[in-house]
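Before any questions on how it binds or moves, here is one chain, the form predicted on its own, in structure tokens.
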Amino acid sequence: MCIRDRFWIEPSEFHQFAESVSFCKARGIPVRIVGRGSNLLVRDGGIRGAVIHPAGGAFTAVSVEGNTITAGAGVRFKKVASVAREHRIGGFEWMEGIPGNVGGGLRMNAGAMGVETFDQVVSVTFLDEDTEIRTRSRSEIKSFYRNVPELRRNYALKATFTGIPSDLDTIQERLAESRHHRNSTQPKAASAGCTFKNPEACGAGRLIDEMGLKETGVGKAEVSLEHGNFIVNRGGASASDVIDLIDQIKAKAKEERGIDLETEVRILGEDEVVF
């Protein structure tokens, strides 16, 4: 597939999304769904086929009913936390520190401050493999640490989350705690988020620190001094720089500790552009 066969599609309604996926599948065009891309690394050759980026409309709609919040896949977690504060609903404060959106958060069961996305999910509406729009309750969906197998095959469209009644002062305090935690532990330099999932033995950042890999670099990609589980771009880093550094870290973890590190960041695309 050449560069002329690459497409960017921005549906704003669920039926448009379904029609786009159906159109591509019928013609054998590979489909990738990309939201904010906050935990995504695209190889230097780009993504072949169709990239569908849900934007606006139903994908950015938010509604509140009692202690539940329903948000489209394109809504930022930060926005969900803000809406929860406005309606005095607690339990969403951890989302303040997550840079991604609802769709990506559901896909990888994102988490922070000891909370994971599916801890608060009531239901998820998604496009299934047959391009039918369906809704399932939390009890019907299996979720694991940074992994929701069902959402590898199906595309999340929106979700309903539950919280608890809370007073504004308590919510503000927890929001401030979430912001402080993020600002004090994570680098401000550009990155694709946490690079590795935490192995059972210890946190990935701690492991990388103990192996003396902080500030190790390949090209313009470098292990962050602030947090070992972040690879930052010092200006002009290529995707291959980052991937080579990831491979070096994985090799050292296996050799020195017998640990098989698994990437949390999603790596997509082609190594080279084909014209």
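Computed from a predicted model, the values in this text were never measured in an experiment. Start at 1 with the first residue shown and count on from there.
Beyond the structure shown, there is the form predicted together with a small molecule, which is absent from this document and is the topic of what follows.
Shown alone, this chain has one stretch from 78-86, 128-136, 182-190, 168-176 that lies within 4.5 Å of the small molecule in the predicted bound form by heavy atoms: 182-190.
Contact check for G205: a heavy atom falls within 4.5 Å of the small molecule in the predicted bound form. Put simply, K214 is close to the small molecule in the predicted bound form: some heavy atom of it is within 4.5 Å. Residue contact with the small molecule in the predicted bound form: F230 places a heavy atom within 4.5 Å of it. Taking the partner from elsewhere, N198 is found to have a heavy atom lying within 4.5 Å of the small molecule in the predicted bound form. The listed set V121, C194, A156, I141 contains one residue whose heavy atoms approach the small molecule in the predicted bound form to within 4.5 Å, identified as C194.
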